[in-house]
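In the form predicted alone, a lone chain appears below as structure tokens.
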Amino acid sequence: MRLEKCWFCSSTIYPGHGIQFVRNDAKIFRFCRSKCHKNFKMKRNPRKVKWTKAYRRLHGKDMTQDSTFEFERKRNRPQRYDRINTEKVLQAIPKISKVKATREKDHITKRLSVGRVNRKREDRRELEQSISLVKAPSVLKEDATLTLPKQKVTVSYAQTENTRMEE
């Protein structure tokens, strides 16, 4: 079973799915769904469309270089069937997927830590600019003029028929 990649968004295309477009120069373009096909016909660049793999890789949102990608690479050279080799490959697949998942998780945490640092920097800058508005709780307890006076409010639950709205 050969799994193809979508030309536009790089997602996998299973047999019997998707659309094939053959250009006049015999170049074959495979698309996973009509959304990708329509974007291709509109001559959109996949590197500029935010939901594609090309955009995510170009802008550092997905991993680009890793040794686990070597296993997914397409190979056109046929190999002679070897039972022992096939068993080794099938046993290695779960280990490889586990390694790939941990590396992707590390990549995501590293990418998110940058945003966390930037948010802290912005918070510090905002605090420095408006420090006069911030007062410590101990100061509020000492000086009663800084807090609003407490007022008692009475609430009446009785309604007259004049105040009710008509439906």
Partner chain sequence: MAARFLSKSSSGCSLLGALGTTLVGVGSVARETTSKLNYSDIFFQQQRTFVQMGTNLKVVDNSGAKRVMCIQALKSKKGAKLGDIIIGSVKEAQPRGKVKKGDVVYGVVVRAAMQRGRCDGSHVRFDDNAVVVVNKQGEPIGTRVFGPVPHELRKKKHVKILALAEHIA
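Every value quoted in this text rests on a predicted model; they were computed, and no experiment measured them. Numbering follows the first chain given and starts at 1.
A second form of this protein, the form predicted together with its partner chain, is not displayed here; the remarks below concern that form.
The partner is absent here; in the model of the complex, the one residue of K141, K98, R124, K41 having a heavy atom within 4.5 Å of its partner chain is K41. For the chain shown alone, N24 is a contact residue for its partner chain in the model of the complex, at least one non-hydrogen atom being within 4.5 angstroms.
Using a 4.5 angstroms threshold between heavy atoms, Q20 counts as touching its partner chain in the model of the complex. Comment: 24-32 is the region of 114-122, 24-32, 101-109, 46-54 lying near its partner chain in the model of the complex, near meaning a non-hydrogen atom within 4.5 Å.
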